[in-house]
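Starting off, we have a lone chain in the form predicted alone, written out as structure tokens.
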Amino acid sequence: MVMAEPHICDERLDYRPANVVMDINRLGTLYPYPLSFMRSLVRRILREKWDIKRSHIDLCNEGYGEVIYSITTPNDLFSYVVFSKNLDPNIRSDRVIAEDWDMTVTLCQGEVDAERLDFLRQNVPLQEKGRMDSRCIVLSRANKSARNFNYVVDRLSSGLQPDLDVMAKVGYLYRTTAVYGSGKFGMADWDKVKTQYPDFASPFAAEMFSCFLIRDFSLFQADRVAANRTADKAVKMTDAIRRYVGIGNATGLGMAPYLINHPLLVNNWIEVRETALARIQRDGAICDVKRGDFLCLAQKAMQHLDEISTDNADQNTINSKAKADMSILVDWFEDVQISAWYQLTEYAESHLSVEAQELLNVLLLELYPDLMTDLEDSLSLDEVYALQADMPVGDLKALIETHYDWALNIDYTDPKTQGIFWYRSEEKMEPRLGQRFEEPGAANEMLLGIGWYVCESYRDLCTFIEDRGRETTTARFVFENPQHRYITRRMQTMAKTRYGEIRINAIDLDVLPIHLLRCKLSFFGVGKFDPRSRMWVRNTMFQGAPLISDIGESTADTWCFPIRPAVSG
């Protein structure tokens, strides 16, 4: 097997098969789990007691201006610089084509002196139009949920806590619209981050940390504005409600190609998750305490689903069905004295929806964190896609038939199965979808139709074998058919992995990119999905997570399936 760390794989474990795990409809139901990136990050912050403080505050009474956070970790000193402004509500937009935002931020290494602050002041608010330097690690921006932010400030300035019924509908004050890293716009590239900044050497750790501090700033700003309005009457938000406030996120097509363009990394993420699940099925002993913990978690998950607020009718139906299925599962669990968890998962696979099955898997993962802690550092991977030039083409044909049968089973003679092409927009270089047979632009198509390229290469390979024989080398095949070099190298590499490719026809007319978005976001640790269309989704990050003030006071990791606090004050 090809993977980041050979010790991840344990052949004694009973892994779920690739055709089940990598089906796009199942991947589109995944929930965050204990090794999700933001969960891992917060555990590290609490465990290592990072010192995070606001070292510079220059805000007007309405909360506009600049704030610098100083972050001291066991390894380094970082600064987080926030620029907040009064944004005309008429131009506030979550779309990537927006050019102005309520707040813009950067995470950078080292202290920020007056000269550097001026440089950042000139560039960070411009976002893509600005130019960062290699000391900067993340560039981001966020917009207010104006109605929610103003409501919270009004309540606090009146001496009242926000009503939880209102807060439950929109669980954040700000939402991010882009979080850039990995060398964009002159920032430190991933190789520098992972080698020189060990605090952020885990996948997307710096990006998640930026969102964590956007959340903190939103809470700080709301309290400060309220106090400035009525200093003699205003109250601060209680810690219980502050923890319930997350940071919103608007995610669109820009995230979807990543999963298709990084199949080795995605395979690794999936294999780590499946290894943890398989360990629990094998080694997770059932006792009265674990039975009780499971029932408590199940009740919490059902309440979490019940509290998700979305206008999307399909998502409401999915959430209601998952809750109903989980109730059925709980009843069965209480009636039957199981001796191993596989009995519960087998019941779910036979009687419940895929959504409920994956929800159950997350509950099991939450029960046994000690069975997966050694996997936490195995999520990174240096991707290398190597052409095996000396492989006989007969073996290559068999490899495709074995590992890419899902692609060969797609009927590409049906125009619907190739009805979409992906391209990058000229103004923002962001992915867009075009209809192949109705719109121009297919000549600029992104290489995301993996199933199509597999079938095209397989067809030409079969012809080549007829002409040259099965023992001819792959080198000769790709030399004479250079258009298939990329997909051949990819297939040979991915055939060595346990889970291989995501099984999606990304160019089908009815493709649902939102499944790709939810899959990736689940590994980030994002929950409360609110689809706005099949191509973009709003969601909530860090809801229920510890606050900066909790650092040094607690190391508990119990904020899965966040639910509204029992009391408001």
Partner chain sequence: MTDKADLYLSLNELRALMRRTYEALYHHGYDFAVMARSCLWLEAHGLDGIGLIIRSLPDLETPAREIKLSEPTYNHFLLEGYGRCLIPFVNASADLAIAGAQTNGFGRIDFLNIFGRLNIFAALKKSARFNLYAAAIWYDATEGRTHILWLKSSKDLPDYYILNEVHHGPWGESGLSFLCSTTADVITKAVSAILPEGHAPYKTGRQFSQAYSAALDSGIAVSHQTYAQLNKIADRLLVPSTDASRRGAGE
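Keep in mind it's a predicted model, so treat the numbers as computed, not measured. Positions refer to the first chain, counted from 1.
What comes next is about the form predicted together with the partner chain, which does not appear here.
Student: Spell out, yes or no, whether the shortest heavy atom distance between Pro198 and the partner chain in the predicted complex is within 4.5 Å.
Tutor: No.
Student: Looking in the predicted complex, any heavy atom of Ser425 within 4.5 Å of the partner chain?
Tutor: The answer is yes: Ser425 has a heavy atom within 4.5 Å of the partner chain.
Student: Closest heavy atom of Asn409 to the partner chain in the predicted complex, within 4.5 Å or not?
Tutor: Result no; Asn409 lies far from the partner chain in the predicted complex.
Student: Answer for Asp390 alone: is it within 4.5 Å of the partner chain in the predicted complex, judged on heavy atom distances?
Tutor: Yes, Asp390 lies within 4.5 Å of the partner chain in the predicted complex.
Student: Out of Ala168, Leu160, Ile338, Ala475, which one falls within 4.5 Å of the partner chain in the predicted complex, going by heavy atoms?
Tutor: By the 4.5 Å criterion, the partner-contacting residue is Ala475.
Student: Tell me, which of Ser309, Thr373, Gln303, Ser134 has a heavy atom within 4.5 angstroms of the partner chain in the predicted complex?
Tutor: Spelling it out, the residue with a heavy atom inside the cut-off is Ser134.
Student: Have a look at 409-417, 146-154, 266-274, 431-439 and name the one stretch with heavy atoms inside 4.5 Å of the partner chain in the predicted complex.
Tutor: Selected stretch: 431-439.
Student: If the criterion is a non-hydrogen atom within 4.5 angstroms, does every one of Asp191, Glu445 and Gln483 touch the partner chain in the predicted complex?
Tutor: Every residue of the spot touches the partner chain in the predicted complex.
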